[in-house]
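Coming up is one lone chain in structure tokens, specifically the form predicted on its own.
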Amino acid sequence: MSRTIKLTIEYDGTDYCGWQLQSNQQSVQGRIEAALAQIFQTAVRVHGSGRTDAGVHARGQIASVVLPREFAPDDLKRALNALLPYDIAVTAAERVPENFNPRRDALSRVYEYRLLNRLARSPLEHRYAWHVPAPLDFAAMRSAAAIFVGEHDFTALRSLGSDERTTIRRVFVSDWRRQEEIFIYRVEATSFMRHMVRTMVTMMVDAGRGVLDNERIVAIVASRDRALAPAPAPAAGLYLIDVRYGNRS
């Protein structure tokens, strides 16, 4: 029987350096591995589907762990949640084949970005949404979002110093929806580069403010020049929602 367990993890990333282990900093991966070490009394490595940056949240991060001994998935979920801090939770645990790789086997990732569009800031949203007080043209933002659908070279939208083997990504979904003063952007792609989604969000907000038009956005993407793109939106509004395997339906 396989001892490889797939974990679905939800976390508030505000107080973490990101998902990945980093020396002398608190990471989500580090806290989960520390809890596993308590359960099994030995070091246990966790492999995630991908990194999330400092301050970025997740509702559906996927990770895998090979257990040192037999342990029922539901029992593992309960044991981890008893040891993890309030801002990290395992929402599902299931047995998977030994060769399951949460990063390599993923067909697509889904992110959402939340922004608060009103004059007054919100003490309840400041950890979870970007406050944009300026009026925004919602239709212009949706029009700009459609530009990103399809296969493009996103070099201009990634952070400097990234070392991906390819900068081409296929975007399946890119659109905004509105819940009164909360704007929510949803994007699904094969994968994302560091700061890519947050830079896309800034460009669309600039379109909503009338600072960028669609022609200029197309030109920035085509330029492959990071210096032409704006700074990424704040991390607090970004959420990893889902990692999809097998098919995108």
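The shown structure was predicted, so the numbers you read here are calculated from the model rather than taken from an experiment. The numbering used is simple: start at 1 and walk along the sequence shown.
FYI, the form predicted together with a further copy of the same chain isn't displayed, but the following is about it.
Only one of 166-174, 119-127, 148-156, 101-109 places residue heavy atoms within 4.5 angstroms of a further copy of the same chain in the predicted bound form, namely 119-127. Contact check for Arg51: no non-hydrogen atom falls within 4.5 Å of a further copy of the same chain in the predicted bound form.
Although the partner is absent here, Arg95 is not a contact residue: none of its heavy atoms lies within 4.5 angstroms of a further copy of the same chain in the predicted bound form. In the predicted bound form, a further copy of the same chain lies within 4.5 Å of some heavy atom of Ile88.
For Lys77, a non-hydrogen atom is located within 4.5 Å of a further copy of the same chain in the predicted bound form, even though that partner is not displayed.
Listed residues His47, Arg31, Arg59, Arg194 were compared with a further copy of the same chain in the predicted bound form; Arg59 is the one with a heavy atom within 4.5 Å. Contacts with a further copy of the same chain in the predicted bound form, taken as any heavy atom within 4.5 Å, map within 1-25 to Glu10, Tyr11, Asp12.
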